[in-house]
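In structure tokens, one chain follows: the form predicted alone.
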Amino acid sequence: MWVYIIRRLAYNVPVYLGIILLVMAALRVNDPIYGFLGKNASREQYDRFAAATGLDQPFLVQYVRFLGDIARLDFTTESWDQPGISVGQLLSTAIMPSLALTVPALLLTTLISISVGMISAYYRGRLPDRLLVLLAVLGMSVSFLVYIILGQYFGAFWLNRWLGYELFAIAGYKPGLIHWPRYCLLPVMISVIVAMGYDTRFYRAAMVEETGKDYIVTARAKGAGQAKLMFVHMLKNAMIPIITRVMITIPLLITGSILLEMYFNIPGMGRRLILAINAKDFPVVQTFTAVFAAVFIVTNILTDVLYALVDPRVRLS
């Protein structure tokens, strides 16, 4: 297995280098220095800023230098928008707020959606199944922004039950586990409600597809009950699509939910990236994009490894 992992990593090195090359080239289509300083900046200001940031060097030199920083995990480059603060500091302070929102949302969504999908498949074609599918479709049909607005009004304003993340910082508190329900429960609930509609239908379709397989027909002919078929045989064999669905979501744990972080003032990765884009904070945008690309590549490799672990029919070849 380790040989396979190393081989996949080697295959993805050119892909990652290409992604970094395209990102750096795209960020330089318009001059980032004039974008940050403004079009009225003098030539002296331009040259001084270019020399200080290394943008006066040829593109290939900048590319190799940035790759070297990534290889050494050196994120000490200073933010343009926040002088004195490195990109690494912004990165480290933004990860935990994102994880405090996305990890609980992923766990709850996965557990609830798989359970509801299995129940719906168990009662396929009957009233419980139709009601659950109807609720899933309704959940998918309503815009994410509608849930956010309703949640903010009824949860934060009307009930005055949940506070924003930054209010704790303003009050002198450091948001921790004990305060988590007050600053993160509402956006997590919104995220779960929105994602459940899509995930429930996906997991139901995966379970229904398994009902026609030969091993189910054989087990049923041997006298296995419907509950055992659903919750023992079918669940085990449906792990491949379940893993696929979960692993697709994992990179979003790092990138964060941009809409939720922006509307609830959660200083996570998604919000930090949007603020950096608006502020033309070139080093932050470049580094965050490189980190996100690495997370996606590692997740793809991990997905294949998990396939082989849960299903002996899959071989790492």
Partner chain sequence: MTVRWLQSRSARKFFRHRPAVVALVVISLYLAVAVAVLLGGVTMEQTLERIGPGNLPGFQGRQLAEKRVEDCAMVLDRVEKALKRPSNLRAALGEIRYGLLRVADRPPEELRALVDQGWEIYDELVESPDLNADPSLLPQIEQLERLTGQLFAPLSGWQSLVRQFRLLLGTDRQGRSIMLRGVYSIKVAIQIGVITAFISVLIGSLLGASAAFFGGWVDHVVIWLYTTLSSIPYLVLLVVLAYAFSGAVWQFSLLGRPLSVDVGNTLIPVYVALCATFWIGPCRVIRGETLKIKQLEYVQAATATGFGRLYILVRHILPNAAHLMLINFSLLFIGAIKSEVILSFLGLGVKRGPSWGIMISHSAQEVINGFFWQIGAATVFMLVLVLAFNVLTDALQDVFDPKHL
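For clarity, a rigid core is taken as the largest C-alpha set superposing within 1.5 Å between two forms. Numbering follows the first chain given and starts at 1. The shown structure was predicted, so the numbers you read here are calculated from the model rather than taken from an experiment.
Keep in mind the form predicted together with the partner chain is missing from the figure; the text below concerns it.
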Does at least one non-hydrogen atom of residue 30 fall within 4.5 angstroms of the partner chain in the predicted complex? yes
Partner proximity in the predicted complex: residue 249 to the partner chain, non-hydrogen atom cutoff 4.5 Å: no
Could you confirm whether residue 141 comes within 4.5 Å of the partner chain in the predicted complex, counting heavy atoms only? yes
Can you tell me whether residue 303 touches the partner chain? I mean in the predicted complex, with a 4.5 angstroms heavy atom cut-off. no
Just one of 70, 37, 258, 50 has a heavy atom within 4.5 angstroms of the partner chain in the predicted complex, so which one? 258
Can you work out which of 131, 103, 205, 111 has a heavy atom no more than 4.5 Å from the partner chain in the predicted complex? 205
Would you confirm whether the three residues 66, 87 and 267 all fall within 4.5 Å of the partner chain in the predicted complex, going by non-hydrogen atoms? no
Among the candidate stretches 183-191, 94-102, 205-213, 112-120, which one is within 4.5 Å of the partner chain in the predicted complex when only heavy atoms are counted? 205-213
Going by the partner chain in the predicted complex, which residues of 9-28 come within 4.5 Å of it through any heavy atom? 11, 14, 15, 18, 19, 22, 23, 26, 27
After a rigid core superposition, would you say the CA of residue 249 moves by 2 angstroms or more between this form and the one not shown, or not? yes
